Structures are given as structure tokens and as C-alpha cells.
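Here you get one chain, nothing else, as C-alpha cells; it is the form predicted on its own.
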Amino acid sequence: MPASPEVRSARADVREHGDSIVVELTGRWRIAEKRQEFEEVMRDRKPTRVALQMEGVEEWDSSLLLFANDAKRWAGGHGVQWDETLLPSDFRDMLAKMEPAAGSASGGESAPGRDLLTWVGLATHDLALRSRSMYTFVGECVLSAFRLSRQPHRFRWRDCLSEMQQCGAMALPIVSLISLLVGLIMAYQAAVQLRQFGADIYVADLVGLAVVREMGPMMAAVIMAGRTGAAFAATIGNMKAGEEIDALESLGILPIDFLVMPRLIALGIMMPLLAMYANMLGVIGGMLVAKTVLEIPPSAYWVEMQTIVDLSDIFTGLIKAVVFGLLIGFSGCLRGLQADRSAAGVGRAATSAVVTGILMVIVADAVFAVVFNILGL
């Protein structure tokens, strides 16, 4: 799998040797890209000697010089011995020439060049990098689907079945509770209003149509985004932090084929089934309210609902559910592969996967609303 910009971004890892610390620098150090601050790298550590090592640096510019200068100033401010012996000689010369400029710039309250236009440019550049990473991931998934369609024996069917159990059968309790409550709430709110006009029976139309077309697939998708999408991101992010993904790549195994595709297909298959189950529970919830509050028999409720809900409404919800499932799996796997190699990075990836998944589901639902309205569905 080609490395994304996040994978090759600037990194500073701490290696402790007794009271001494060696900060290993890797990746691409560019002034327009995000990098760690030296104080964040050190945190509460109090060594007696600090050294930098840049053997793993792929590309660098003044960003790396600024980081090294911050490290040197930090060592001087904390009474720590500064060791430059691991740095190349030409880099040490440039670092020495930076001291006068850095000293004159430290007198101001803010660094030069950080005006509004600069912030807008950096934010635009960051957005472009994230967009390119997402497009690259989409392309890799499409190519992986073509490869596996030509060679289905290479697909991880056992992993796919295991993920189908985790994101399908194991999610039934929470889906049951939320869907039943949504049906109850919608029916009760509709009953309060419709009773004023003597149109109690139309609560079946309102609840049935809303649950089948919108609320069933949507609520199932939100639940799966918070449950399964976060699990995908945490699992893959933890594997990345443990260098298991690097081991797969060193063996010639593509992480997209091995980790992503089984999860995408499992969620794409189980989401329409969960949506149908959520539809059933939502309708039952509305039927309970109609029976207890409006005194409408279940048979009358069912017959009235069939007059407004047809197969086109059911298929509309199922189409949405399949797309929602693929989007949730996509966001969870993407954020997992982009996670930092740390426990905090895995947590941030899981949170980002939930937010991204819910956002993509809502945007997709809005697009479906417009498309179905144009098609007359």
C-alpha cells in the first residue's frame, strides 16, 4: 500500500539510555506541514543529556532546523547537557548560524510570518493533504475489490464472517433498544397532535413511512458508527502502533486486502439486515403506542400502514443502509491506518472515526433525499 502523507509525516521518538535521552527524528520535515514541538516530546522528563539523531529523516528543510534549535534552547534553559555529536557536520554548522537569528526573534511576542494569510495557507495545505490521502485510500479499496473479484480464493472469508458476527449479531441488543424507543417516541408525539383532529389512525402512516425510509437505516447507521466504526479504527490503529502493519507489508501482504476489505464487506452485508430489524422494532414500537394510547387494534394499525408503505419505500431504506455501512467501514479503517503510533493516537483515531462516519452518513442521506426526490421515489 503506498504510504500516505500522514504515514511519512515528521516524527520525533524518544529513546532513553539511563539519564540520557536520544530523540530519533524520522519522516519528512517540511515547514508547511505539522510537526511536534520539542516541549511536547520531552513532557515531564528530566534527563542529564539530550541528543538528536536524524538518520531516519527522508526530507527536511528549515522546519528541522527550528526543531533542533528549540531542543538546544530547551536544554540550555533546563540545565541539560546538549550533545550534537550524532548530527551531521553541515547540519551543526547551519544550526550554529541560526543562534543569532533565533535570539533576535525571541524578543517578540509571536514568530514572524504567522499572520492570517499564513494560517489560511497552512490550513488549505493541510486540507489538500487530507483530501489526497482520502482519495488515495478510495482508489486502493477499488483496486483491491477488483483484485479480489478476479481471485476470490485470496479473500479472508474467515475474517469476514468473524466481523459479520461482531458488527451484526453482537449489535442486536443495542439496535433493538434504540429502534424500539425511537418508534415509541415518534408514535407518541404523533398521537398527541393527531388526536386533536380525530386522525388517530394516521399515526400508522407517519410512523411506518418515517421508520422505513429514514429513521430505521439512520439510527442503525449512527449506532454502528459509534460502535463498529470506532472498533475498526481502534483495532487497526493498535496494530499500527504495534508495527503489525509494517510486518504485513514486509511480507508482501497488502493491508488493504488483509484488514480493510473483510471489514468493509462485512459491514456492507450486515447493515441492510440491521436496518430491516430496526424497521420491524420501530413499527412494533408505534403499534404499542397506538394500542395503549389511541386504543387502535394492531390489525387496524397494520392494515393502515400497508396503504402507505410499499416495496419502493423498503428498497429505498435498504439502499441507504448498504451505502451507510460502506461509509462507516471506510471511515473507521481510514482513521485506523492514519493513527499515530501511540496510545493517545489510537484514541484520537477512534474518536475521529465516529465523527467522520456520522458526518458522512448525514451527508449521504441528504444526497439520497435529493436524488430520490428527482427520481420520484
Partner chain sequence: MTDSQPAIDVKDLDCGYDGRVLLQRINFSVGRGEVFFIIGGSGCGKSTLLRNMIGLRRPMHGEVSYFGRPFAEGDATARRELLKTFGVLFQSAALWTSLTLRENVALPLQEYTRLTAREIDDLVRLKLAQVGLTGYEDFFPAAISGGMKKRAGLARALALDPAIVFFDEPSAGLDPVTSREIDDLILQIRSTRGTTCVVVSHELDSIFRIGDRVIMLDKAEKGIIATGNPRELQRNSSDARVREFLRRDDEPCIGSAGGTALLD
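Everything quoted here is computed from the prediction, not taken from an experiment. Positions refer to the first chain, counted from 1. Under this definition, the rigid core comprises the largest set of C-alpha atoms superposing within 1.5 Å between the forms.
Not pictured, yet referred to below: the form predicted together with its partner chain.
- Heavy atoms within 4.5 Å of its partner chain in the model of the complex map, among the stretches 273-281, 117-125, 226-234, 241-249, onto 241-249 alone.
- Its partner chain in the model of the complex is not approached by R30, whose heavy atoms all lie more than 4.5 angstroms from it.
- Within this chain, W74 is remote from the site of its partner chain in the model of the complex, having no heavy atom within 4.5 Å.
- Remark: R92 does not count among the residues lining its partner chain in the model of the complex, judged by a heavy atom distance of 4.5 Å or less.
- Shown alone here, K97 lies within 4.5 Å of its partner chain in the model of the complex, counting heavy atoms only.
- For the options R130, R195, H78, R158, the residue carrying a heavy atom within 4.5 angstroms of its partner chain in the model of the complex is R158.
- Contact with its partner chain in the model of the complex, defined as a heavy atom within 4.5 Å, holds for exactly one of L177, A300, V142, I253, namely I253.
- With the core superposed, L65 shows a C-alpha displacement of at least 2 Å between the shown form and the other one.
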